[in-house]
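There is one chain below, alone, in structure tokens, taken in the form predicted alone.
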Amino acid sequence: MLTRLLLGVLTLLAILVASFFLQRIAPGGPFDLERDMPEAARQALIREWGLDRPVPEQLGLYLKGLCRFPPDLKRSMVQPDYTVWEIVGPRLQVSASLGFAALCIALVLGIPLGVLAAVHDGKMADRVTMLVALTGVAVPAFVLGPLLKWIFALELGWLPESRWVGPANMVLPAFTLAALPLATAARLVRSEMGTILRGDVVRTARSQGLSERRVVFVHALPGALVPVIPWLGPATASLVTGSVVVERIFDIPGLGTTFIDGAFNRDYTLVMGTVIVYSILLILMNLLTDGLLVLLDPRARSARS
């Protein structure tokens, strides 16, 4: 685990360096949108932010600020009255709420659907379940989101159309965001569960006279969850940090929208702040899922010992 933690730190450093240089290579700058700004004022801002220095020196100063406690994410270049964390923090809470809701929907519905399909392999329940999963993969969020809005908000009037003012506003975007991971979880569980149900362990359990429910949920399901664990890390980080498409459709002030706006405005510090948050979440979730995988899968435990 210590080795993986060190690799995570090195990965984070590599992501930061690559993101820093890629922003500087891209054409334009954070003050180019202010076309009415006098050139002298523009040059003064460039000197104030240190953008006239060599890029490696800028990177060194930025990394030095991150090594402080608490880390210094700087001020926003486009909104200098706010620090990057003052912008990112509230939006991360919104994206985290939406992402965790979508993840719960994906797991609570996806795992039982996968089990149902595997138990009824080749039958109608299997075909219907896999059709639902295929639909979740094939229909993009920019189609599913407006469709759900039209049916449940505009036609039926059961749920709010958009905005982010209460729990009811979370339902439609959460189901839209959950469609793809729900389908993925169902397919992973169905594939692994089908293999386990045809294996020696299950045949032995059935020969001992155990009920089919006990065979499925006690002897087969834990093994069927093993392929879900490695997928869970990046999926959780992606859901928590927000989906730009879903946030745009439902007018949600989340982190994904903030990242895109920062990129369009060439707000270097804001983009770096969102990259840092996303990267740390991704690395932490991967470390957590590695630990869960070791607990659930004896083969992974022996491989790491």
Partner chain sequence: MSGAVSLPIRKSWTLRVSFAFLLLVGGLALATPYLDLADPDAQNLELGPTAPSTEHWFGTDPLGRDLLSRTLYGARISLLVGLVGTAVAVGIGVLYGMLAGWWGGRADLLMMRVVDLLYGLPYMFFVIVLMVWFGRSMINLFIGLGAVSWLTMARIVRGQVLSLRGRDYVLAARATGLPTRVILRKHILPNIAAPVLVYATLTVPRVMLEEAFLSFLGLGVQPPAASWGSLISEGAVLFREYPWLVLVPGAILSVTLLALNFFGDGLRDRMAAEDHPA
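Positions refer to the first chain, counted from 1. Everything numeric in this text was worked out from a predicted model, so none of it was measured.
Note that the form predicted together with its partner chain isn't included here; everything after this is about it.
Although the partner is absent from this view, I15 contacts its partner chain in the model of the complex, with a non-hydrogen atom inside 4.5 angstroms. Its partner chain in the model of the complex comes within 4.5 Å of no heavy atom belonging to A101. Mapping the unseen interface onto this chain, C67 falls outside it, with no heavy atom inside 4.5 Å of its partner chain in the model of the complex.
Using a 4.5 angstroms limit between non-hydrogen atoms, L6 is distant from its partner chain in the model of the complex. Only one segment in the set 106-114, 76-84, 130-138, 170-178 has any non-hydrogen atom within 4.5 angstroms of its partner chain in the model of the complex, and it is 130-138.
Put simply, of I280, M37, I260, L51 only one has a heavy atom within 4.5 Å of its partner chain in the model of the complex, and it is I260. Of the residues given (V55, L63, A41, A26), A26 alone sits with a heavy atom within 4.5 Å of its partner chain in the model of the complex. For the three marked residues, P90, V94 and I252, no heavy atom of any sits within 4.5 Å of its partner chain in the model of the complex. Residues F142, V143, P146, L147, K149, W150, L154 are the ones in 141-156 with at least one heavy atom within 4.5 Å of its partner chain in the model of the complex, listed in sequence order.
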